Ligand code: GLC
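There is one chain below, alone, in structure tokens, taken in the form predicted on its own.
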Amino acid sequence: MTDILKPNPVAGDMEWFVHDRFGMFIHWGTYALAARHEWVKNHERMDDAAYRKYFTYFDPDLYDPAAWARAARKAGMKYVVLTTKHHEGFCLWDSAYTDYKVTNTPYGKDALLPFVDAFRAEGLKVGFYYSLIDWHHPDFPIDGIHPLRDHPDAVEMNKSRDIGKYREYLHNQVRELLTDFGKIDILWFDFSYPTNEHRGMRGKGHEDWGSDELLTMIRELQPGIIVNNRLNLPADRADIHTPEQYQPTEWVKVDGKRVYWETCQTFSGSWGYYRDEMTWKSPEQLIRMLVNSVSCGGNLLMNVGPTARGAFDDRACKALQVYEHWMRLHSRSIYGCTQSEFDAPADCRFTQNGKRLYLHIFAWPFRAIHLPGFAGKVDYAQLLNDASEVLMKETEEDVHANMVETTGCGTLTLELPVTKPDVTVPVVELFLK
């Protein structure tokens, strides 16, 4: 990344992050048994007794983290972030601070340590998601996003709930995660909502979480770890900013300054496994989301929601194969790349890595793409999928006046085949002089 494009320095180790560009998010917990959204406890206003059945029957007999890790690596993903605990409060590791954990389910084993080992064995960086919210903990005060928010006795119930005790629990679990599993590359918190209010019950922010003390502890335990921006602290305290289910169209800025950023997205409309959800993205959408992110200087964290048996379902596998097939031929237009210094023509996106400029073509044209102002700047061009030459013509003054009128002087014209290459998004690799 050129210095002119670099955001201000942060505490986390960003070198690998801005090189790798592409990661896997995994949302997995007891909500996979309900199979109708990871917020099912909230949406259906379930109390702990009604939700208990998912804990009672959690037994992912097909769980094979090595298979997950292989799928991620083959898809071209370079790092992973797993929900160690989502809002439901269920923990995927053998935490010393709760009984609401995987080792007390029929599965009976720690699910996190083999996960960490498997992904490291495939060469991926490892990140932990940890929910600041906990709908199971008895001291977590009921608020506007709690499943019991509309319970007639909610306000009265809160009188016996102590956020200080929950805050201690939160810090203890984060310390566990950053002590017992070796080097952790990313800590992905979710989320703060201090301005939310419901029936006089306020939301929660940095004071509730003890975010200042928490972040200090994190930096001491794991120097260089990347921490996201959801602790409700000043923007410059975060390493990465995390637009969710939103595709930025330019480099993300905070207070007018460029920041390191990563958009988190889903294959379909939910994060956890949702059996009947049908808004799965097309291959074109999947590849374009990755290209769009890198072309704006950011990363893509793409989510998979495994089933309650611990497997990726066929739809998720097919989506991962879309990335596998495309990245096998086009990964060098992603890894190590960032936003280009040049503006791309219509229906195209540029990524750039030094003297190599990558033109991603979203709408295949008839025979030609014109690049105004590029005459004399490109030494060689080829289709990236097969390294076949793309012929070029430069249009200068007094030559082919009709072309000059259309494209402008100093235009470089790429002569493309009539038939689109058999790849989801073709890429022309331009070697700059």
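One-based numbering along the sequence shown. On a predicted model such as this, the values are computed, not experimentally measured, just so you know.
In what follows, reference is made to the form predicted together with alpha-D-glucopyranose, a form of this protein that is not presented.
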Exercise. Using heavy atoms and a 4.5 Å limit, would one call F25 a contact residue for alpha-D-glucopyranose in the model of the complex?
Worked result: yes
Exercise. Do W271 and alpha-D-glucopyranose share at least one heavy atom pair within 4.5 Å in the model of the complex?
Worked result: yes
Exercise. Within a 4.5 Å heavy atom cut-off, is L170 in contact with alpha-D-glucopyranose in the model of the complex?
Worked result: no
Exercise. Is there any non-hydrogen atom of H87 lying within 4.5 Å of alpha-D-glucopyranose in the model of the complex?
Worked result: yes
Problem set entry | alpha-D-glucopyranose in the model of the complex reached by all of Y323, F362 and D422, non-hydrogen atom within 4.5 Å | no
Exercise. Given that alpha-D-glucopyranose is left out here, which of D313, D110, E122, D190 has a heavy atom within 4.5 Å of it in the model of the complex?
Worked result: D190
Exercise. Here the chain is shown alone; which of I186, C264, L177, V304 has a heavy atom within 4.5 Å of alpha-D-glucopyranose in the model of the complex?
Worked result: C264
Problem set entry | Proximity to alpha-D-glucopyranose in the model of the complex (heavy atom, within 4.5 Å), stretch among 46 to 54, 62 to 70, 377 to 385, 31 to 39 | 31 to 39
Seminar exercise, completed: Contact check, 225 to 244 vs alpha-D-glucopyranose in the model of the complex, heavy atom within 4.5 Å, ordered by sequence, gives R230, E244
